[in-house]
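Next come C-alpha cells for two forms of one protein chain, structure 1 first, structure 2 second.
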Structure 1
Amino acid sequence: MAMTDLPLATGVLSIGDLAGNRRRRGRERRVRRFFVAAALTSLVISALIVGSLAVEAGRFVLSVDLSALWTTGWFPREGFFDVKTLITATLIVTAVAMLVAGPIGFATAVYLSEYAGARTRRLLKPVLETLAGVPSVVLGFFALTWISPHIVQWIEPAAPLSNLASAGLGVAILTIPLVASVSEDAMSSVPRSLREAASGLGARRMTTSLRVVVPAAVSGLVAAAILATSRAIGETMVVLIAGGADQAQFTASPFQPSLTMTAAMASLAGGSDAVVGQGNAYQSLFFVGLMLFLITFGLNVAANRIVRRVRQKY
C-alpha cells in the first residue's frame, strides 16, 4: 500500500478510521460479555450459599432455646449446642498453629529471599510447595500417631492421645508452606535498589533483611499471616482426626480433646441420614457454617484494610 493511500498521508482522518476493525470490536464485545457473565455467576453462587446458610441458621435460632447455645459442651443430638466450646477449640488450634507456622514460615521466607543462592532456591521452593500438597487426612493421622505421643504427651504426660495441641501442630505443618511461599514472594518483590542502598551505607545482611526488606514487604507479610490464619480456622480433617470425638465437653486446655467448628460440622454431617430427624441437629450445621463464614469474612475484610494501610509503593 502506498503512503498516499493512508488517511494520515492525505491529512484526512475520519471517525471510522479511529473505531478500528468491526469484526475485532465484535470479538472484544463478546469476550467482555463472557467475563461479565462469569463474574456475575460467581456473585450469584456466593449469594445463594450465604442465603441458604442464613435461612437455615435463622430457623435454627428461632426453634431452639437460646440457653442451649451456652451450656457445658457440644452435644447436638441431645439438644446442647454450646457455641463457646467450638469457638474456644477453634481459637486454640489456630493459635497453636500460628505460633509454630508463623515464625518458621517467616524465617524460611527470609532465608529463601535474602540468603539462599539461586540453585538452593530452585531446589527448596518446589519442595516447600510440595509439602503444601500433602493430603490433610495424612497429616491428621500423623498428628494422632506421632505428634501426640512423641511431642504433646512428652510435654504433658497426662494428655490423652486425641487433643487440641496435636491438632494445632498438624495444622501448623499444613500452614508453614503457605506462610513461607506468600512471604517469600512479598520479600522478593522489594526493589533491589533498597538492598543496595542499605549495603552502601554499611548495613549487614541481617540488618538489611530485618530493617529494610521486611518493613518494605510488610503488606505482603500481613496478608500471608491473615491468609494462613483463615486456612487454619477452616481446616477440617486434621482437627477431626487428631482433635477429639464427635461430641465435646467445654475445655480451655490445649491438652484436652474437643471439636472445632469445622470438625463439629464434619462429624455431625458424617451420617446425614441420621442427622435429619434429630430435632435441631441438622439446622445446627447451617448455624455453625454461618458463624464460620462470618469469622473468615471478617478476617478477609480486616486483612484488606490493614494491607491498604501499611502498603508501600515504589
Structure 2
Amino acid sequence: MAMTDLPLATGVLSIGDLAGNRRRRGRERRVRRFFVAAALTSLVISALIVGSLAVEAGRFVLSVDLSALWTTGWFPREGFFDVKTLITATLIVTAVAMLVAGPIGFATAVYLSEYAGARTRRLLKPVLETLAGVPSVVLGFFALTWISPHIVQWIEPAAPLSNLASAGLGVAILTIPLVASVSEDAMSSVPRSLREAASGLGARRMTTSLRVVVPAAVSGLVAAAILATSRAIGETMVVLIAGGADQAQFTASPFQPSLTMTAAMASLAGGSDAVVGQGNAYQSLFFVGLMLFLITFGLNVAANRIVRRVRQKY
C-alpha cells in the first residue's frame, strides 16, 4: 500500500474507514491466545504437582499401618516409615545451615549495602554469584572430602566421615548467596533520606546500619531467612552425598549420619531396584514429597508476602 493510499480524512468518514485492518486484528487475537496458553501452562504445572503428590500420598496413608510411621528408622522396603527420623535429620541439617549462613550472609549484606564502595561491590558481587552458581553435587563432594575431615572431625574426632553436620555446612555455603542477596535488596530499598537523617544527627555508620537501616529493613531480612530455610530444607544432593544416606537409623546428633526427607526420596528412587520393592515404598515417596512441598510452599508464601509488603512500604 502506498502512502498516498492511506486515506486523508476529509469531510465525513464512515465506520468502515476506522474499522482497521482485519488481517492485523486477526493476528493480534492469535498472538494473544498464544500468550494466554503459555501463562496457563504454569498454572497447570502447579496443579499437576499438587495433584500427583496428593493422590499417591493419600493412597500411602490409607494403605500403610500407621504404627509403621513411628518406629526407629526409615526402611521403606521393609515397611518401616519412621517420619521422625526424616524430620529430625532435616531439622538438624537446616539448623546447622542457618546458624552459619544466616550471620555470614547477613553480615555480607550489611557490608555490601552500607560500607562497600562501588568498586568493591563490582568485585565481590561476581564472587557471590559464582558461589550461587556452583551445583549442589559439587558442594556435596566438597562437604564429604574437605569439610568433614577438616572441620567436623576436628570439632568431634569421633564423628564418621558422613554426618549431618558436614551436610549442614555444605548446605550453608549454598544458601549464603541467597541470604546475602535478598537481605541486601531489603537494605538498599531503605530510602537514602533515612540514612541522611541519621548521619545528620551525627550517627556513625555502624549506628546508622544497626539502628536505622536494619530496623527499617527487618521484614526483608526475615523474608531472607525464611527463603533460605526453605531452600535448606529442600536441598537434596549435598545431604545425599555427605549426610550418610545409607544410614536411615534415627539419631538426634549432628555428628551421626542420617536421612533427611529429600535424601530419603532420592535414595529410594536411586536404588538399583528403583522405586520397586514392597508395595508401599513407591507411595512413601509421594508422602514425603507432599510433606516437603507443603512445608517449603508454606515458607515461600510467608516470605513472599513479607517481601511484597516491604515493596509497598517504600
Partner chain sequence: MAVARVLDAGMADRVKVSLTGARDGRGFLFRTLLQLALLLTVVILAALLVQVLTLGWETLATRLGDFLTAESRSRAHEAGVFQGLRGTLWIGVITTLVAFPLGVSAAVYLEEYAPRNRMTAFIELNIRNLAGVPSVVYGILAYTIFVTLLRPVTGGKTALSGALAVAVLVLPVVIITSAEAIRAVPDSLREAGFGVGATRWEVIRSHVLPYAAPGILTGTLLSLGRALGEAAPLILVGAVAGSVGYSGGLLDPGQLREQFTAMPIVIATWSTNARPGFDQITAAAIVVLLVVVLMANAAAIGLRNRFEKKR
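The term rigid core refers to the maximal set of C-alpha atoms that superpose within 1.5 Å between the two forms. The structure displayed is predicted, hence computed values, not measured ones. Residue numbering: sequential along structure 1, first residue numbered 1.
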Between structure 1 and structure 2, the form predicted alone: 1
C-alpha of A39 moved at least 2 Å between structure 1 and structure 2 on rigid core: yes
Exceeds or equals 2 Å, Cα of A303 between structure 1 and structure 2, core fit: yes
Rigid core superposed: R27 CA moves 2 Å or more between structure 1 and structure 2: yes
